[in-house]
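Form predicted on its own, single chain, as structure tokens, below.
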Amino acid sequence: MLKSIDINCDMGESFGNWKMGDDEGMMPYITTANVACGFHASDPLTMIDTCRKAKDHKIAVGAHPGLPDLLGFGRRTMNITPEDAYAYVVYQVGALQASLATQGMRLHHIKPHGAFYSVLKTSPELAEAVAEAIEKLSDHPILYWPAPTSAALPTACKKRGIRVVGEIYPDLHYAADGSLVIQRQKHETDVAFACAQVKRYVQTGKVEALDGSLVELDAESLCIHGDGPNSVEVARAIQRTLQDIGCEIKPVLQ
């Protein structure tokens, strides 16, 4: 059984007057925030404000870089070069690091978003470029990645000595091979199932797939999406479940 686990959430994804997710509602129930950096979502005011609120809630902050695709929310695949991938990470993480510096905070980790994650999952060339960027941007670099952590980017990061933190997703479903079944439309999460999935993972290291099989994963964090219709209810219930089974909730140490 795990003695502790981190809870992370994608945040700062609003843009101007357009709101995405319930950041303020989620913050009391998480320990780490993945903050958008202006390419797929967010803007300078949103980034700074999100960092300020994270500091108030004693939440660690990581960068959530994406492809330059505000209109498509970073979910449309683009043909990019390794040089592009490297520069995109440096540019976005640098913007967030500056926002964090104004609050006396430091970058905790990096977690690719959307279609950027998808191409880094399969392309060794792009993965090597991004791993190099991650290595150069922090004295204690950490990559957050959906478990299992055997794809191109986490493999490239491990070769460089970069710590890789696997995640499970209690508000999504798993296929029998351990891959996530991505939602095309947001819907209410089954709170009881999400709590049972978290409890099962903490106690056994396995999650239940759609076919009822149990899949072993390598995760130290769980990610709860803040843009679902009942995301705060899910986060509150998971926090209570972890407390009931004696699992401490805390950020991954750098």
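The structure displayed is predicted, hence computed values, not measured ones. Note that residue numbering begins at 1 and tracks the sequence as displayed.
Keep in mind that the form predicted together with a further copy of the same chain is not shown, yet the notes after this line are about it.
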| Taking the partner as it appears in the model of the complex, which of 172-180, 156-164, 143-151, 71-79 has residues with heavy atoms within 4.5 Å of a further copy of the same chain? | 71-79
| Three-residue site 122, 128 and 223 fully in contact with a further copy of the same chain in the model of the complex at 4.5 Å by heavy atom | no
| Taking heavy atoms and a 4.5 Å cut-off, does residue 192 contact a further copy of the same chain in the model of the complex? | no
| request: Please check if residue 19 has a heavy atom lying within 4.5 Å of any heavy atom of a further copy of the same chain in the model of the complex. | output: yes
| said: How about residue 88 - does it come within 4.5 Å of a further copy of the same chain in the model of the complex, if we only consider non-hydrogen atoms? | reply: yes
| query | Going by a heavy atom distance of 4.5 Å, is residue 83 a contact of a further copy of the same chain in the model of the complex? | reply | yes
| query | Since the partner is left out here, which residues of 119-144 would have a heavy atom within 4.5 Å of a further copy of the same chain in the model of the complex? | reply | 136, 137
